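What follows is a single chain, given as structure tokens, in the form predicted alone.
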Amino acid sequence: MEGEEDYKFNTPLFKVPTSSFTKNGFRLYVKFEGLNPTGTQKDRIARLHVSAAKKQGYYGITAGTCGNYGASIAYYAKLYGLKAKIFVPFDFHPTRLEKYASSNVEIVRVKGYYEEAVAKSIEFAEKNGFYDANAGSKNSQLDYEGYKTISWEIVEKLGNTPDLVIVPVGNGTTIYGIYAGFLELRNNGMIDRVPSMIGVAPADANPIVASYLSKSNEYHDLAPEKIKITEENEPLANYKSLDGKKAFEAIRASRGFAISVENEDMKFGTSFLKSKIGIDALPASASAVAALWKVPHEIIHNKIIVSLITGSQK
């Protein structure tokens, strides 16, 4: 654990050739979170939560997950010497979590969706005195603080403020945290504007995107029975996004929008990123690039665009 408290996340910003787009005339960069310890931006918040749990004297930490966040919690729990109890929907494919499982980690399969896994985790935390690292918990301010660092790194590496930032949305925590980071930079006089925040996910598996596309003025949950979950869209699948209201308002306040994608779009995005810049991206995350084929050209013409990309589970 030596030096871990001083560890600074500083993932690269890669420029992507746009000549393959039918209509180019914009600059595209990807913020590649695949070079974090477990390959996702979840490491940024997992480290904060596990460190806080250790400092506060907790014996263990718990979270509900689709897989990626659980992997980060498992990794840092081992590093800090804590027990971890991770709850996962029964039918999901938590490949990354299983990779980082160890003797100090217990994985519990839960009937239902991600939301049920979170509910079981919260219940376990309350009954057993574990630290609650779930989105929307009393400790969730650490999530926003962790994701603010992505904004800071983007501005530092670009030397400028992008026009659009595209983020895959599940709970909406990441996009809200990045927005909050840009807002803080602007309020401190370090940038002169906040970029438009663009959320991307399947509309039939995510209420943030569904709410925007329904032209509603506010966020609303989806009916659980209406959710269509696939192996590709699992990381984005929610019927109730725990930070959905914050994410929806971040999109609206930044003059952004939301885009719906399908499984084939995600797979295409993965292939595109591999062939153009040689990175292995998680399909759900690669939707943040594939979505550009669905945006009217006049919206992105002459714009500087940053897409947040997570590493594959290989």
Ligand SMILES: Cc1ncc(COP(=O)(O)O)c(C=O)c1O
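Start at 1 with the first residue shown and count on from there. Everything quoted here is computed from the prediction, not taken from an experiment.
There is another form of this protein, the form predicted together with the ligand, and it is not shown here; the text below is about that form.
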{"query": "Contact label in the predicted bound form: P235 to the ligand, heavy atom within 4.5 Å", "finding": "yes"}
{"query": "Close approach of T173 to the ligand in the predicted bound form, 4.5 Å, heavy atom", "finding": "yes"}
{"query": "Any non-hydrogen atom of T310 within 4.5 angstroms of the ligand in the predicted bound form", "finding": "yes"}
{"query": "Non-hydrogen atom contact P207 with the ligand in the predicted bound form at 4.5 angstroms", "finding": "no"}
{"query": "The ligand in the predicted bound form: contacted by all of S151, I198 and I305, heavy atom 4.5 Å", "finding": "no"}
{"query": "Contacting member of L282, A63, V50, L273, with respect to the ligand in the predicted bound form [4.5 Å, heavy atom]", "finding": "L282"}
{"query": "Single option in V118, V169, A84, A71 placed near the ligand in the predicted bound form, where near means a heavy atom within 4.5 Å", "finding": "V169"}
{"query": "Options 182-190, 100-108, 161-169, 214-222; stretch whose heavy atom lies within 4.5 Å of the ligand in the predicted bound form", "finding": "161-169"}
